[in-house]
Structure formats: C-alpha cells, structure tokens
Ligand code: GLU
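Let's start with one chain on its own, the form predicted alone, as structure tokens.
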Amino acid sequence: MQAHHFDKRGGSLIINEEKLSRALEHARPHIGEGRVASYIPELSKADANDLGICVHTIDGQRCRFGDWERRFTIQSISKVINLAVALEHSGADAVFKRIRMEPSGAAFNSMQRISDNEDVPFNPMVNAGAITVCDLLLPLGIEKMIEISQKLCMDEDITLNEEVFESEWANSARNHSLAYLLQSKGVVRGNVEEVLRLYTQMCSLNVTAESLASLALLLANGGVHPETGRRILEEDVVKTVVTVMLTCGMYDGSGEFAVRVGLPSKSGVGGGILSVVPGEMGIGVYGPSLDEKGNSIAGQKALEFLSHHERLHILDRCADGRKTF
C-alpha cells in the first residue's frame, strides 16, 4: 500500500512506511492473545487479524500501512468528540459540575462506584460519564453530531452503522441501568431513553484509522485545522480533552499505558485507538483483537514500539537535553 515518507524538519524524527511496517510486524504476533468484542453480537463479526495504522503530521505529511482503510465503529472513542463538543457548547463549569476528572480504576461499564460511593461519574471516558455528557448534547441531536464528527475527523464518509446500533441497543441493559441510576441521582436530567439512544448512536459511527489520525492531528495542533489554519476547537477545550485522554482514555489500563507509551490516547472496543503526539502528529490504529480491559492488544503494541523507537513519549521531551539526575 502506498505511504508517504515524512520527517521532522531540522530534527531526528523520521517515520515512514518501513517503520510503520515494523511496528505492525512487532505487534501482529500478539493478536492471538486477545479476542474481538462479543458482548455486542455485531462486533463479533470483525476479523481479529485486521491491523492497520495511519499517521498525520502537522506539516501535512501522511503515512499509512496495513488495514488503515477498513471501516469499523468508533465505539468509546466517540467520547472524545462528545466531550469536546460539550465543552464548546456548554462550557467547562457546566460539564464538570456533573462529572469529575479523576481516573476510576474500574472497568468502563462499572456501576459499583457510582452506585455505592459517588453521586457523579468519575470522568467523561467511562460509560457513566459519557452518558452524562450526552445529556448535555441532546439538544444537538444525532444528525448534527454526525456532521460535527465528520468535520473533526476530516472524513465526510462517516455514517451511522445501523446494524451495529441495533445490535448494541438490543444489548444495552447495563447502560440502561447506569442511565436510570444517574437520573435517580439528578445527574441525567433529560429523557433517559433519548440520551442513551444518542450515546449509542455516537458509538456506532463508521470510521477508519485515518479518521482517527485526523482527529488526533487536530488535537495535536491545539484545535487548529493544519491545512486551513482555521480554529475548530478552543485551545482550553483541547487541553482539557487531551489531559483527560492521558489519565483516563485507556479504561482501567490507562496508568500502565501512560507509562509504557506516554501518549494521550483513547480506545474503543471496535478496535480503534486514537493517539496524540502534541505539537507533532496524530496517530490512528485499528486492531479489533482486544485485551481483557477492552483495548486493542496489537494496537497498543504497535504504539509502544513507535513510542520507544521514535521517542514519542511525552516525557521523552524532558530528557531531550540528555541530562542525568
């Protein structure tokens, strides 16, 4: 498949098709350690052996390898879009009055903490928090949210996957329980069924690894479109979203991922991972074989390979002077 070489002007960073190929070659043997999501029947139809990656840089270069054109559903990566739009339209005070900013340390669909100990969800990247965010987005509706998603991902072909939506909706008893629990606590204030439908529809949008790379690039560039120079998201919104991604974006594996990879990222059980290299590039990965936490197992390995070999970890920048402590 065609890919374009790019490097960091005046620096040492060089990533090309060969390096992406090596990253996927390193990651591919781990596919068998995971399995595709099956709790949503339609997702179980994915080919576990699919694996693709796409990188977009701020200076306009593109590099792609593997199954980067394969369409899959965005699932929990939609939480990044939802949070950004809610912050833009409602403001941080309104959003974080109903949701905290703390890692939960629990599974993405956990009910225990919100039920027993907390009146508000821990963060916008777990299901309880994301459902609450969708309560704020309800006036916009799904058509407007699809339009916004197309714009943020620079992909006019993003559509609602009706088959996945129907499959997910028919198997949403746990999310229904969460939503009604949140309503009982006064956190969700709109019509619960409508809020949950919007949440589920946003999870069911068809994207590619390139869609995710484009969204990640926008975040890496501080919310400014890299080609037009037009501001799409406010800078404070991007800072908030990217920080929450770093601390909470990989479910209850966020801490280990932050240590091993060190990139603000968000995963979804559809197999995607969106990763941001601030000031440099956006990365999108697709690999539907998941670990026990719901993260793409080969996708994580590919990102770890690139982070290690290309010094992409956000704290590598602190060590660029090669000082010892």
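Quick note: we count residues from 1 along the sequence shown, nothing fancier. All values derive from a computational prediction rather than experimental measurement.
As for the form predicted together with ligand GLU, it is not shown, yet the points below apply to it.
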* Asked: Is there a heavy atom of residue 199 no more than 4.5 Å from a heavy atom of ligand GLU in the model of the complex?
  -> yes
* Using heavy atoms and a 4.5 Å limit, would one call residue 250 a contact residue for ligand GLU in the model of the complex? -> no
* Asked: Contact between residue 245 and ligand GLU in the model of the complex at 4.5 Å, heavy atoms?
  -> no
* Asked: residue 167: heavy atom within 4.5 Å of ligand GLU in the model of the complex?
  -> no
* ligand GLU isn't shown here, but in the model of the complex, which of 167-175, 183-191, 223-231, 209-217 has heavy atoms within 4.5 Å of it? -> 167-175
* Structure fact -> Answer key: of 123, 75, 149, 254, within 4.5 Å of ligand GLU in the model of the complex (heavy atoms) is 75
* To do: Name the residue from 277, 27, 63, 40 that puts a heavy atom within 4.5 Å of ligand GLU in the model of the complex.
  => 40
